[in-house]
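Encoded as structure tokens, the following chain is the form predicted alone, with no partner shown.
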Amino acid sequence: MKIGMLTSGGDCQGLNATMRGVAKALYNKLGRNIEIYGILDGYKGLIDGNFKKLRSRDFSGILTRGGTILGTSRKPFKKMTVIEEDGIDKVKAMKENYKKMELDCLVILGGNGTHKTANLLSQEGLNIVTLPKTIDNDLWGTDITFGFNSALDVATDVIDRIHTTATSHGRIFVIEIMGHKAGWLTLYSGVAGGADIILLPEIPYDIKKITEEIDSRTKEGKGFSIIAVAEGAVSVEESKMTKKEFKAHRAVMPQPSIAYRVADEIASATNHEVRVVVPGHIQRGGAPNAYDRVLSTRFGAGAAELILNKQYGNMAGMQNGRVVPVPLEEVAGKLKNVPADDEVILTARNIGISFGD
């Protein structure tokens, strides 16, 4: 049996651990009757035919290693079926290289955009099995994605460290957490780090509500406030705009990101000193934590079972504590947002955390 592997989109903790899980399970079941090929730099490598044969030793010592040993790249799904200036039919090239490698299955590790292309390739007749990777935890069909828990540790640590300087100087700190369309990482790190205000893409904020909360804390003798802001947070006014209007509005926004805009708005409305912290890609870097190492290994072994049982066209998802097959057509193009009645949101509200609404 010949298996291909590729990692696509943004890197995160647990990619190597998950590939290791797939490989070790297949080697354990098939021994010498398995060949694994690593496709380099994501879908770009599949388009260009850039791959190499991997040995069992290539999967040794990578359980704790961050990033991806195969490299990755971003190839927007909306451009996959478009022939650009280079004249390359990307879908045709990927299919031809799959056949050139004589693959029985292609294992794809990635997030939302990655799964759209994976589903396309599955519909084109390729045997595909996928794995849910993203620190945003916003992939449909799985209760959790690998990478989320490790990024949560990093984001929480940032908030923890800011607390000490915020209390020492009596300042307002706005901390921007990754998450363009879903606020899982901001919500969980905000609660875990003791943020006073949490702003999510799913709950449009009113700057007046935020300043009222800060003023209330000041009157209670609390001279500092921690605001965790998802990078995709939007105001009430913005939430009423069309997609086109929103893009035009953000294009002329003078601040480099939403955290800086919120900080400027707070500074203009209050007498407080405001500082901004953007941990950025630190959140997705470094080694996976213990939870993600176990999760990744379970996902990898689960994907190997799908391959051995020829259950192609599925993602290995985690549902109710079990790794289960989830059809790609159910996953592709769907976003798992934070619901308004999520228990963590309700818990946060119950202890007095404001969501700016």
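Throughout, we count residues from 1 along the sequence that is shown. Not measured: the values here are computed from a predicted model.
Heads up, the form predicted together with ligand F6P isn't pictured, but that's what we're talking about next.
- Stretch-level contact analysis of 92 to 100, 219 to 227, 254 to 262, 278 to 286 against ligand F6P in the predicted bound form, using heavy atoms and a 4.5 Å limit, identifies 278 to 286.
- The closest heavy atom approach of residue 231 to ligand F6P in the predicted bound form falls within 4.5 Å.
- Contact annotation for residue 135: at least one heavy atom lies within 4.5 Å of ligand F6P in the predicted bound form.
- Residue contact check for residue 110: none of its heavy atoms lie within 4.5 Å of ligand F6P in the predicted bound form.
- The closest non-hydrogen atom of residue 155 lies beyond 4.5 Å of ligand F6P in the predicted bound form.
- 178 is the sole member of 178, 210, 175, 128 with a non-hydrogen atom lying within 4.5 angstroms of ligand F6P in the predicted bound form.
- Between the options 250, 74, 161, 272, the residue in contact with ligand F6P in the predicted bound form by a heavy atom within 4.5 angstroms is 74.
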